[in-house]
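Quick setup: one chain, the form predicted alone, written in structure tokens, and binding and motion questions come after.
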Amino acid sequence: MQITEIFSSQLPVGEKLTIKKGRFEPKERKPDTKRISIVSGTHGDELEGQYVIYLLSSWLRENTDTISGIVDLYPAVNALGIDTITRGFPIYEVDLNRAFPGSNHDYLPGQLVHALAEDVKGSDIAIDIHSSNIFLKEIPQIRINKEFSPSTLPLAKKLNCDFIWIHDAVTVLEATFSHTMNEMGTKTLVVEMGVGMTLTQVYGKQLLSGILNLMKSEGIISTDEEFEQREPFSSEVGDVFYINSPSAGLFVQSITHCAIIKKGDVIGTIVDPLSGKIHDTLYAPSGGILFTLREFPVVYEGSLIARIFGESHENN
């Protein structure tokens, strides 16, 4: 593997910010050689993607003879955020995934994201791996913009994830890595899984199988090995239901994350430790799969508790 710098900048007190990538490539390139870029660490509190990239790098090191395409790995885009356990870019308090496409003449976060986009540009496929935040736990899922779904949905189905969420375009999404790269012609998928500041090993291994399966189908690796490919749920054929807390307190789970539930099942309760009373009991508005569940128990009125992918509204 070849390791190179894609961006560097001098910082105060003699320090230097450096963003690196690792590249695996075949011994001989052909005109039709494909390239895939795997990106993670855009948010400093999201570490699941770093574990996936570690697993993928290890697999490629042990199977160099199978490599027939270019694989670029960007494990720590927001290196400063990871070092300081900060979601955004420190000092500037900027969410890097709301700063694209940036430019060479932008402020420091804008320069960094511009360098990343320019380096990934030209890839056939890009996978942008995110964790949830520290508050929510997500099953392995792929989120794609409806505008780009004709080209990205077939790829998403090969990634061995449990759910594909196709959403309509929202203005803020235009400032994300995935929207920027799709506009540049790189088919880009966003993976969301696990919990912030945590490594969920079973999810990491699940996504590794999916990435290898996708790479094999696209001719980026050549191997007889078979990789798991789950049949995902898709928001094309159902609705996403949100459950928000009606009051402040502690959220106590009554159901397991990723469970298949029925309409009316108890999701959990909001309790008051001081009075010993239950403020509210939360019920499932639909049957389906509980793909998001509150992990951090302290909640306020309006806090997101859960998301369910289930039957359409017409059937409820």
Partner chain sequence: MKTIEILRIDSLNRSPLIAEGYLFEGSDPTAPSVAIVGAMEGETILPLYTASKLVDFLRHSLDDESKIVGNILVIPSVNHYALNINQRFWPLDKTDINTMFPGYGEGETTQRIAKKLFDALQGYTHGIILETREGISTCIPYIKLFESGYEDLKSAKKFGYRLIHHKSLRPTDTVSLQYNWQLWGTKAYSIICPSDTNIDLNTSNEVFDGIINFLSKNKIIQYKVLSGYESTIVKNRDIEIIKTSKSGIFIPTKKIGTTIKKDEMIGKVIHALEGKVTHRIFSPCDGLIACAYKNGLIFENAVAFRVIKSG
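Positions refer to the first chain, counted from 1. It should be emphasised that the depicted structure is a prediction, and the values quoted were computed from it without experimental measurement.
The form predicted together with the partner chain is left out here; the points below concern that form.
Remark: E93 counts among the residues lining the partner chain in the predicted bound form, judged by a heavy atom distance of 4.5 Å or less. Mapping the unseen interface onto this chain, S9 counts among the residues with a heavy atom inside 4.5 Å of the partner chain in the predicted bound form.
The partner chain is not drawn, but in the predicted bound form it has a heavy atom within 4.5 Å of Q111. Mapping the unseen interface onto this chain, N244 counts among the residues with a heavy atom inside 4.5 Å of the partner chain in the predicted bound form.
Taken together, the three residues E118, A259 and I289 all stay farther than 4.5 Å from the partner chain in the predicted bound form, as judged by their closest heavy atom. Annotated contact segment (heavy atom within 4.5 Å of the partner chain in the predicted bound form): 100-108, selected among 69-77, 211-219, 100-108, 137-145. Note on contacts: among I278, A248, V252, V266, the single residue with a heavy atom within 4.5 Å of the partner chain in the predicted bound form is A248. Residues of 283-309 placing a heavy atom within 4.5 Å of the partner chain in the predicted bound form, in sequence order: R294, F296, V298, Y300, E301, G302, S303, L304.
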